[in-house]
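To begin, one chain is listed below as structure tokens, in the form predicted alone.
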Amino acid sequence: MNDPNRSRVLTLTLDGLEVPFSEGETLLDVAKRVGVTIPTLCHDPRLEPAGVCRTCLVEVEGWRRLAPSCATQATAGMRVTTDSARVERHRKGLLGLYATDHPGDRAAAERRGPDELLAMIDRYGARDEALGALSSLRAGRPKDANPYIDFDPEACILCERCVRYCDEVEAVSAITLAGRGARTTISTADGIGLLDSSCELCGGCVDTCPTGAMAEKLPLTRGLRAERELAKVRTTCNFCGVGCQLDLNVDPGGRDGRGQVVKVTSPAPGTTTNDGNLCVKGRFAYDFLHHADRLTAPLVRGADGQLYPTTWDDALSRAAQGLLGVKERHGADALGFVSSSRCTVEENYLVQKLARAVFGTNNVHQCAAT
């Protein structure tokens, strides 16, 4: 039997405009879809809504209190206002409270990473709402020996995005909220270092942090410029066959003016197949790009047994001669071809074609087995 309500279009009124929505969408989902900006700090589309930062509150007609749009389900007939005198008053007051115990120098803060809170304070003109600088009661973490992730409790706003990401996406629960009241901070069980915990050093906490409290260590120790001053180049991670997309952050003035990759960041969630997630290799293993020991030309061994630079034509010719010599002396099955998961699918296909069609052996493998 047909359900008469099944084909009914669900609509609500958003800032005076009638907008259709799908069952299960939140008010924030609906607003984003139609291009209405609602500020958020604790929201990440990969995580379950928490509604803890209170920056996304909106007015719903008939409701006594403002509603968190990230955690409020859209229902038919709702009349929602995202920008009113009441909402503006709330935002300015809230952001002023955040600014009271948050580092105020945006240029200095953003050397750790983009600070969405400071950008929001400037956007909504909330600087004058701050009550004056207060000293933070949050205890600093003991020096952590891990080489990649740094935490600054002064910049933390306890939005829990890092903790929830570690639990809901990575499922390792390496970090958690610790302490009580004004002394609440982000820590690990018993305050141990990340290398001693279940942390996989994926850097997801760095990626999801809205204020730069969680930051990558290497750019900080090298005194590099703020991320917004770097050029971003979208590329494909070549450490395995998954094909995750990532953004190389390039300092145009690095390496004698030729540009230098100084960090790797994730594309926005929902825009790529890896949904903004990366592993420890994809996010942090980029130093080889400019390493002094990196090979920049093919090498062949001379009569004295030492390796010398040569041209690609010479190197390929010598490799072919060597492989053919083994086949002639010992047969095709004396050869084995091992390709790399860091190659593309097409390149790995050519390697197996080379092994089977050219040299006549099935001894061919690739570590990702694709």
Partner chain sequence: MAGLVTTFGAGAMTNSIGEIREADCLFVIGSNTTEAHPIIAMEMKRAVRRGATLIVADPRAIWLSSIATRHLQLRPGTDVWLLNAMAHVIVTEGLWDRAFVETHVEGFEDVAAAVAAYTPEEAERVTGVAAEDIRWAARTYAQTPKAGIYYTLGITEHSHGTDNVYALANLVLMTGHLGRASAGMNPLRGQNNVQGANDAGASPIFLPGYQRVDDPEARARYERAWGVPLSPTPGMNLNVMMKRVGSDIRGLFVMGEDIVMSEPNVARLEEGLNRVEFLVVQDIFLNETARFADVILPAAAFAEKDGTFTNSERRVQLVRKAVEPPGEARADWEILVELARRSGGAWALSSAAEVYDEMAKDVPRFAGLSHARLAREGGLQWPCPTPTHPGTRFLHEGRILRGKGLMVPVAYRQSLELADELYPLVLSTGRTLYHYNAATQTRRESGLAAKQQEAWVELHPADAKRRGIGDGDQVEVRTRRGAVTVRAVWSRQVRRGAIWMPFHFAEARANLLTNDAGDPVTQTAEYKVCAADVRRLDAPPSPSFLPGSFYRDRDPEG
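Numbering follows the first chain given and starts at 1. Keep in mind that this is a model prediction, so the values were computed, not measured.
Omitted here: the form predicted in complex with its partner chain. The next part is about that form.
Enquirer: Can you tell me if T344 lies within 4.5 angstroms of its partner chain in the predicted bound form, counting non-hydrogen atoms only?
Expert: Because a heavy atom of T344 falls inside 4.5 Å of its partner chain in the predicted bound form, the answer is yes.
Enquirer: Taking its partner chain as it sits in the predicted bound form, is R46 in contact with it (heavy atom to heavy atom, 4.5 Å or less)?
Expert: Looking in the predicted bound form, residue contacts with its partner chain include R46, since a heavy atom lies within 4.5 Å.
Enquirer: How about T11: is it within 4.5 Å of its partner chain in the predicted bound form, going by heavy atoms?
Expert: Contact check for T11: no, nothing within 4.5 Å of its partner chain in the predicted bound form.
Enquirer: Is G360 close enough to its partner chain in the predicted bound form to count, meaning some heavy atom within 4.5 Å?
Expert: Yes, contact at 4.5 Å.
Enquirer: Thinking of its partner chain in the predicted bound form, which stretch from 83 to 91, 283 to 291, 150 to 158, 107 to 115 has heavy atoms inside 4.5 Å of it?
Expert: Result of the contact check: 283 to 291.
Enquirer: Counting any non-hydrogen atom inside 4.5 Å, which residue from A76, A189, A171, L177 sits next to its partner chain in the predicted bound form?
Expert: Comparing distances to its partner chain in the predicted bound form, the residue within 4.5 Å is A171.
Enquirer: Within 4.5 Å of its partner chain in the predicted bound form: all of L17, I38 and L97, by heavy atom?
Expert: No, none of L17, I38 and L97 comes within 4.5 Å of its partner chain in the predicted bound form.
Enquirer: Across 233 to 251, which residues bring a heavy atom to within 4.5 Å of its partner chain in the predicted bound form?
Expert: Read in sequence order, the residues that approach its partner chain (within 4.5 Å, in the predicted bound form) are V233, R234, T235, T236, C237, N238, F239, C240, G241, V242, G243, C244, Q245, L248, V250.
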